[in-house]
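One chain comes next, on its own, written out as structure tokens in the form predicted on its own.
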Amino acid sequence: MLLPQARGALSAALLDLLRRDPDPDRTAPAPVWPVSADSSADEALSLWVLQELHYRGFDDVDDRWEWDPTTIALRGRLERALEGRLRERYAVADVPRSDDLVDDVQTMIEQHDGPSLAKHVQQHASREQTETLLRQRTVYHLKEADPTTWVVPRLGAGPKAALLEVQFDEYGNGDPGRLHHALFERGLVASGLSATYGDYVDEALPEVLEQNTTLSMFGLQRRLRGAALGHLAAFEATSSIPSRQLAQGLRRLGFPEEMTAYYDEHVEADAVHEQVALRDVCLVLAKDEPDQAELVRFGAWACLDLECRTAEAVLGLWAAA
């Protein structure tokens, strides 16, 4: 994957820096990072690029940039800003807080009433609109489950074992061809779309990038491990029914079976993952580490909040077309 196109002054400066060789002796002055007029898109892309250094990196970037103090400092600044925006919205949200963490997360999910992209695809979307959605989803689905895997070594035995049960399934139970991101790749190719990692980042909406950077932030920061697992629980709990709707919509529009098979896989799998993630991972974590319970709620809320914002952005994109 090559570096994407800049979306403002900050990402332009960052991409220019990453195309150079790192300065291990710190002889060059620290960069003065500009502020873009369109800070949301510019910062979202910049943070995505910085976090991607911890995944597969870029063909035109020296791998030493991953842990260079300059890139780590900017990543930290952007993640603090992102977490601050999330916490500001969380502070005024109607979040249930009782002695029953499972019930609190389930109540949040039941009360969530944001727009449904899956239902729109099931009933109304055109083939072109649906292809647009699939391209947006490549940003996550081509590395599906990877952000949550960062959390595994940060857990005690109980939640770690349960999380690995979910992750092993996500990674195909040992069969490379059954990895969920491999299933998505096959569906893309059969649908006439690119399955190359990173090919559609330049058209990813800022809301899509922020969904992904939030998940990576939760996974990459040990102190946010509870939020990463709360996000996982809410994601799995809200995936089964939408996956069925998406599969039905894809069949309505004549997409190949390879594409519908990806969503068919998630109808049953995510219904199982929901209970494991919520009861065997999050609940056990909160019992072992009570200070993580509120972070579980925060992560679950963030998953729902960001999905709502992404759905509104995608529907707005379709309406404007």
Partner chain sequence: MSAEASGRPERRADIVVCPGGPMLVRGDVVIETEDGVRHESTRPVSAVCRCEKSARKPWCDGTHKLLPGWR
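None of the values given here were measured: they were computed from a predicted structure. Positions refer to the first chain, counted from 1.
There is another form of the same protein, the form predicted in complex with its partner chain; it is not shown, and what comes next is about it.
Every residue of the trio E165, V272 and V284 has some heavy atom no more than 4.5 Å from its partner chain in the predicted complex. Contact check for A237: a non-hydrogen atom falls within 4.5 Å of its partner chain in the predicted complex.
Shown alone here, E265 lies within 4.5 Å of its partner chain in the predicted complex, counting heavy atoms only. Its partner chain is not shown here, and in the predicted complex it never comes within 4.5 Å of any heavy atom of E203. At a distance threshold of 4.5 angstroms between non-hydrogen atoms, H181 is out of contact with its partner chain in the predicted complex.
Of the listed positions (E258, D280, E294, E66), a single one reaches within 4.5 angstroms of its partner chain by any non-hydrogen atom in the predicted complex, namely D280. Comment: its partner chain is not present in this chain, but in the predicted complex one of L53, V276, L253, A41 has a heavy atom within 4.5 Å of it, namely V276. Heavy atoms within 4.5 Å of its partner chain in the predicted complex belong, among the stretches 79-87, 145-153, 241-249, 129-137, to residues of 241-249. Contacts of stretch 287-313 with its partner chain in the predicted complex, defined by any heavy atom lying within 4.5 Å, are made by D288 alone.
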